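So this first bit is one chain, no partners, the form predicted on its own, shown in C-alpha cells.
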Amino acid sequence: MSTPRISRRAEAVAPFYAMEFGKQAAALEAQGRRIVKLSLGEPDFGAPPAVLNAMREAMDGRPMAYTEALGLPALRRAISGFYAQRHGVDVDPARIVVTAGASAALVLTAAALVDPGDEVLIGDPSYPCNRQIMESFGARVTLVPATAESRFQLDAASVRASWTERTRGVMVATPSNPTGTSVPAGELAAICDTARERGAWRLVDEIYLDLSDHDARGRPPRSALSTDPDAVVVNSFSKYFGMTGWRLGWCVVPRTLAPVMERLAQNYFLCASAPAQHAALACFTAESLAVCEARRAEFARRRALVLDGLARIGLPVPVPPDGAFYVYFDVAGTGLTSWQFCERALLEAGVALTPGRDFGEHSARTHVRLSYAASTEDLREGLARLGTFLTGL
C-alpha cells in the first residue's frame, strides 16, 4: 500500500509544544505519577451553570438543524448587546460571525484577507497557531521582537520600523498568550492608525479581553472597536465563559467583509455547532455574567498567589500580567534553557509547563509560560514542587 505524499504546507507546521508537554504529562499519569498541569490555558471552572442547563434543554430530542453560516441570529444579537453593555461599542449583528472556536474565525479571516506572499506583522512572543494559520494561506509572517520594555507586545514604533512594501496586515493579541500582558489603549490605537494609514488590515485577538483587570473606576478595558471600527476583532466563548471544549467563537468584521466570510464559512464549515450556539445564549444572562465576573476575580487572586510564589523561589517575572491567566517567567538564571527547564520540571518535579519555544524566537530560550487556570490547590503544590526542584539544581 503506497504512502500518501504529505503536502509542503503540512510539513511546515510545527508541533504545538504546549499540547506535546500535555501528552507527556498524560503518559506519566498513566504510569501512576501525580502531575501538576500548569501547561494548558483551560479554565478549571467549566461553563456557567445556566449554560449547562441550556445545553441539556437543547438536547431534548428536538431536531437540531444547521444554523445560518454566520451563526444563530439570536446569538449574534446577544453578542452585539454584550459589546454595548460591557464595552460601550455599537456593533451591528450583521457584522458578527459565529464560528467553530476562535481558531475557525482566524482561518476564515486569513482566507478572506491573505494572498500568497503578503507580509503579516506579529509580535514575538505570541500564540503559535496565529502565525501557523497565516502561513498556511501563504503569508510571510514577520515576527517582530517585543521586549519587557514594551510589555512583550507590539508598539507603534516597532510596527513602523518593521514595515515593508510587502506588508499587508498586522495582528495583535491583547491580552496576550503567553504573557498575559495587554497593549495600552493609546498604543493599540496608534498601531491600528499606522496600519490603516498604509492601507493594511488590522486583526485584534481579544480572546482574553474580558479577563483583564478593570481600571481604578471599575471600568472594563475597551475593545479595539472603540477606536478602530473597521478592525477585525476575534473573540471566543472558551476563556471568559469557560467553554473550552464547546468550540465556539466569533469575530466582528467590517460590513463589506461579512458576505465574504459567509461564503467562506458555507464552504469550509457550514456553521458552528447548533447545540452549542443555542446553549451559549445563556452566557449573556445576568446570572451567567455574575458567575463569570466572580471567576475573573478568582483568577486575579490566583495570579497574586503565583507571582508571590515565583518571587519567593527566585524565578523573575519581567512584566506582571494584567489579564488572561498566564505568567511568562525568566529561567536564564537557572543555567537551563526553557526547554531543558520544562523537561526536567516535568520529569523530576512532576510539574507540566510550556517552554518559550512555542511562542517565537527572541525570548524562546529564556522564558517559560505558566498557566494559572488550574485550581488554587494545584498552583500551591506546583510552586512548592518547583521550589524543591530549583533547590536541587
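Don't overthink the numbering: it's just position in the shown sequence, from 1. Because the structure is a prediction, the values reported are computed rather than measured.
If you look for the form predicted together with a small molecule, you will not find it shown, but the lines that follow are about it.
Q: Would Tyr127 sit within 4.5 Å of the small molecule in the predicted bound form, counting heavy atoms only?
A: Yes, contact at 4.5 Å.
Q: Looking at the partner-bound form in the predicted bound form, is Thr285 within 4.5 Å of the small molecule by any heavy atom?
A: Flag for Thr285 set to no.
Q: Would Tyr326 show up as a contact with the small molecule in the predicted bound form if we use heavy atoms at 4.5 Å?
A: The answer is yes: Tyr326 has a heavy atom within 4.5 Å of the small molecule.
Q: Is the gap between Ser212 and the small molecule in the predicted bound form 4.5 Å or less for some heavy atom pair?
A: It does not: once the small molecule is placed as it appears in the predicted bound form, Ser212 has no heavy atom within 4.5 Å of it.
Q: Which of these residues, Arg76, Arg303, Arg247, His87, gets a heavy atom within 4.5 Å of the small molecule in the predicted bound form?
A: That would be Arg247.
Q: By the heavy atom within 4.5 Å rule, which residue out of Thr142, Ser103, Gln266, Thr147 makes contact with the small molecule in the predicted bound form?
A: Of the candidates Thr142, Ser103, Gln266, Thr147, Ser103 is the one lying within 4.5 Å of the small molecule in the predicted bound form.
Q: Among 201 to 209, 182 to 190, 308 to 316, 148 to 156, which stretch sits within 4.5 Å of the small molecule in the predicted bound form, heavy atoms only?
A: Single hit among the candidates: 201 to 209.
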